[in-house]
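Read the single chain below, which is given as structure tokens and is the form predicted alone.
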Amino acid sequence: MKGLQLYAKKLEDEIKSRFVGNDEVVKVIVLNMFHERATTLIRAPRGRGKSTLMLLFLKGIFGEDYVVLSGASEIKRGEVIARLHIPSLEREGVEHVIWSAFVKAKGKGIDEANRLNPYTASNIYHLLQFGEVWAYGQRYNLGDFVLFANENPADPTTFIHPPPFYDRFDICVNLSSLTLSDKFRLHKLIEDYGSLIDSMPQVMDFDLLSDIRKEVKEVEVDVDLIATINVLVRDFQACIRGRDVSRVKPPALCEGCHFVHGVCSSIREGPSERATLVLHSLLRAKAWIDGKATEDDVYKLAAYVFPHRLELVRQDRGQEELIKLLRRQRELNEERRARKQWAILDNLYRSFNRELYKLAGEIAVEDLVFAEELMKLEGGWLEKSFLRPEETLRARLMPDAASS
């Protein structure tokens, strides 16, 4: 293992030596640190260690040089964004803006983000979206940073933040409760360390983290893995009936749909394109630190990239339902390879072949994303009179749309 990788591994080890259980969560958060403006959301009921985990990471990277806001307190605008320097305004009539410590800090934390009032949340949303803040007509560019937030959505004092707010977080991790053996281990650690947070050493500084990010950015991910990411995200977005623009959502939208048993019928709102970008970044980091990234990693990491970006029909089953859908998608991808369907589609992209088109049509009735691509090709073939409208896949799957 090379020099910078050793720092990354030490950060992971130091945190795992103080934070009991949830080892995979720690690993994923470490991977997420290695791209610019990294943001992590930690979710769990009270008493699971959300704040502890956030502070362990901030101390491990920034020492004491970080700023944490608490959603439980009445945060003023000056604490979040900026305030005016009143003496300058009174003496000279000049609006001199003093930017907050939170804005200027490279290491940022938000404790109990679910308790942020809507006004404060909107300011942080803009910060996450554009990497900048505005106050009194002036703009401040934050540059690169690391931001953690934690929340307990079941807290009765929770504000309901809009989905775009959560979409700006790269990953969302859920902390599990401790097993019996984990509880004994935690008690022993508290006896040994006294304060888990105070005992956490600074493993690296922000300059070193920036060097790591530069190296990770140069890592090339295998083209097949990029294809797997793109297909997976599209599988979770696709809806032949236009879910994105329909007022009716699954399962009502799926009544009578040809793909009623597909994964699409289990999703009310699909993930945004940010899911694709974040998965790519995580795979680069995985390849950098471990020497390789695999298809298995795509599905494992998707479990942390998707949950806060989509709405499932079975929200009551939460993470369990998402894991089940990811497992189904992996099985579907194996079937796709066995059928060599992407090779078939590639040949059809190059030129129309009726026999291949017939075979592709049989595959498409079982695969929505494949059907989408085939129907896009049909438009050009109809213009060239290679096909008649009644012969198309669209006519078979969407007779009402085809006739209109």
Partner chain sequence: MDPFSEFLKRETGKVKARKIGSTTFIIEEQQRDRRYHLPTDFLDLLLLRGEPSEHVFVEKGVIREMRYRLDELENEVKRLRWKSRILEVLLVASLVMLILSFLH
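Please read these numbers as outputs of a predicted model, since none were measured by experiment. Residue numbers count along the first chain shown, from 1.
The next section is about a form of this same protein that is not shown, the form predicted in complex with the partner chain.
Sort through 144, 182, 222, 311 and report the residue having a heavy atom within 4.5 Å of the partner chain in the predicted complex. Contact residue from the list: 222.
Of 268, 214, 77, 324, which residue is found within 4.5 angstroms of the partner chain in the predicted complex when only non-hydrogen atoms are counted? None of the other options qualify; the answer is 324.
Should residue 396 be counted as a contact of the partner chain in the predicted complex, where contact means heavy atoms within 4.5 Å? Residue 396: contacts the partner chain in the predicted complex.
For residue 244, is any heavy atom within 4.5 Å of the partner chain in the predicted complex, or not? Residue 244 lies outside the contact set for the partner chain.
Close approach of residue 301 to the partner chain in the predicted complex, 4.5 Å, heavy atom: Although the partner chain is absent here, residue 301 would stay clear of it in the predicted complex, with no heavy atoms inside 4.5 Å.
Answer yes if any heavy atom of residue 64 is within 4.5 Å of a heavy atom of the partner chain in the predicted complex; otherwise answer no. Output for residue 64 is no: heavy atoms all beyond 4.5 Å of the partner chain.
If contact means a heavy atom within 4.5 Å, which one of 361 to 369, 37 to 45, 24 to 32, 54 to 62 is the stretch that engages the partner chain in the predicted complex? Looking at the partner contacts, the answer comes out as 361 to 369.
Heavy atom within 4.5 Å of the partner chain in the predicted complex - qualifying residues of 298 to 323: Counting only heavy atoms within 4.5 Å of the partner chain in the predicted complex, no residue of 298 to 323 makes contact.
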